[in-house]
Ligand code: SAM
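The form predicted on its own is given below as one chain in C-alpha cells.
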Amino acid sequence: MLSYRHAYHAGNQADIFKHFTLFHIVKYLLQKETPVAYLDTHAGAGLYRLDSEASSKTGEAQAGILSLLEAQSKLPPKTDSTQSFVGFCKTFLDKTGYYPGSPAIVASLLRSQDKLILMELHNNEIDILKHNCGPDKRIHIHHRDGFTGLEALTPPTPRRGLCLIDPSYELPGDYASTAQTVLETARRWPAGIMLIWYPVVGRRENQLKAMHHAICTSGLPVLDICVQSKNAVTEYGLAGSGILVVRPPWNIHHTLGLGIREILEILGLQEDTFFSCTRHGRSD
C-alpha cells in the first residue's frame, strides 16, 4: 500500500541536501554539449506549494528551504556552489510560487537535446506529475514501479547521464530493493551516475547498514554524503539523511562538501550536526 506523499515534506532539510547534490551534478554534466538522460525512479508530483495544508501541517519547509532563504539574506553565501543553488531556489519560488522537486529542478536545467524519464507508482501523484510537467517533449512519464522500471529502461539513449533513486523507504524491503537495483543498473549502464537518497531512522538501522555495505563495498566508486543530528537517534523520527553518489564526477566532493557545510552554517545547524563526505571504492 502506498501512503507516502512528499507534499508533507517538500523543502525540508533532507530535500535541501538532496537537491543541492542533484543540482550540482547536473550542472557538471552540462559542461559538455553532448546530450544527457535523466531517470527518476520515484518522481512524486514534481512541484509543491509550501503554503499548502500538507506543508503547513508538518512545518518542515519552514525549518528547511524557507529558513535558508530568509537566513541567507542576512548571511549571504560565500561559496559559488551555495550562491547558485540558493539563487536558483529563490528565483523558482518567486517566479512560479512552487518549490521544485527533483523533476522540476532537472527540467529547468536541461537543454532541448536532453531527455527526462520520470517514474511514479502512486495513483494520485502520477496524475499531478503529468499535469505539472505539461507538454514538454523532453519528458517521458511512466506509471510504474521505479525499481523494475530503472532496470527495464537502462541503458537509456543518450547513454550519458544520471538517475535518482529516491524511494520513501516505507517498506523494510525498499532498502534491499535499492541495493539490488543499484548494482544491476551499474552493470547495465556503465556510463551512468547514480544518486541514492536514504533516511537515517532508528527502526531501520539494520536495513540501512546492509544497503550501505552492499553498495559501498561493491568496488564501484561511491561518494557518501551524510547529515545527521548529534542528538540520539529515535526509533521513528528522522535523525538525518544521506546521499550515495555512484560514479561521482571528478572532484565533486569538494564542491558538495564546502556547500553543504556552508548551508549548515547559514541554518545555524553546524554545532548540532554530524556531517561527513566519504569516498569508497576505486577512484575513476
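Keep in mind the model is a prediction, meaning the values are calculated, not measured. In case it trips you up, residue 1 is the first one in the sequence shown, and so on.
Beyond the structure shown, there is the form predicted in complex with S-adenosylmethionine (SAM), which is absent from this document and is the topic of what follows.
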{"property": "Per-stretch contact check against S-adenosylmethionine (SAM) in the predicted bound form, the hit in 204-212, 180-188, 161-169, 79-87 (non-hydrogen atom, 4.5 angstroms)", "result": "161-169"}
{"property": "4.5 angstroms heavy atom contact with S-adenosylmethionine (SAM) in the predicted bound form for D15", "result": "yes"}
{"property": "D114, heavy atom within 4.5 angstroms of S-adenosylmethionine (SAM) in the predicted bound form", "result": "no"}
{"property": "In the predicted bound form, I139 touching S-adenosylmethionine (SAM) (heavy atom, 4.5 Å)", "result": "no"}
{"property": "Heavy atom of F147 within 4.5 Å of S-adenosylmethionine (SAM) in the predicted bound form", "result": "yes"}
{"property": "Residues within stretch 31-64 having a non-hydrogen atom within 4.5 Å of S-adenosylmethionine (SAM) in the predicted bound form", "result": "D40, T41, H42, A43, G44, Y48"}
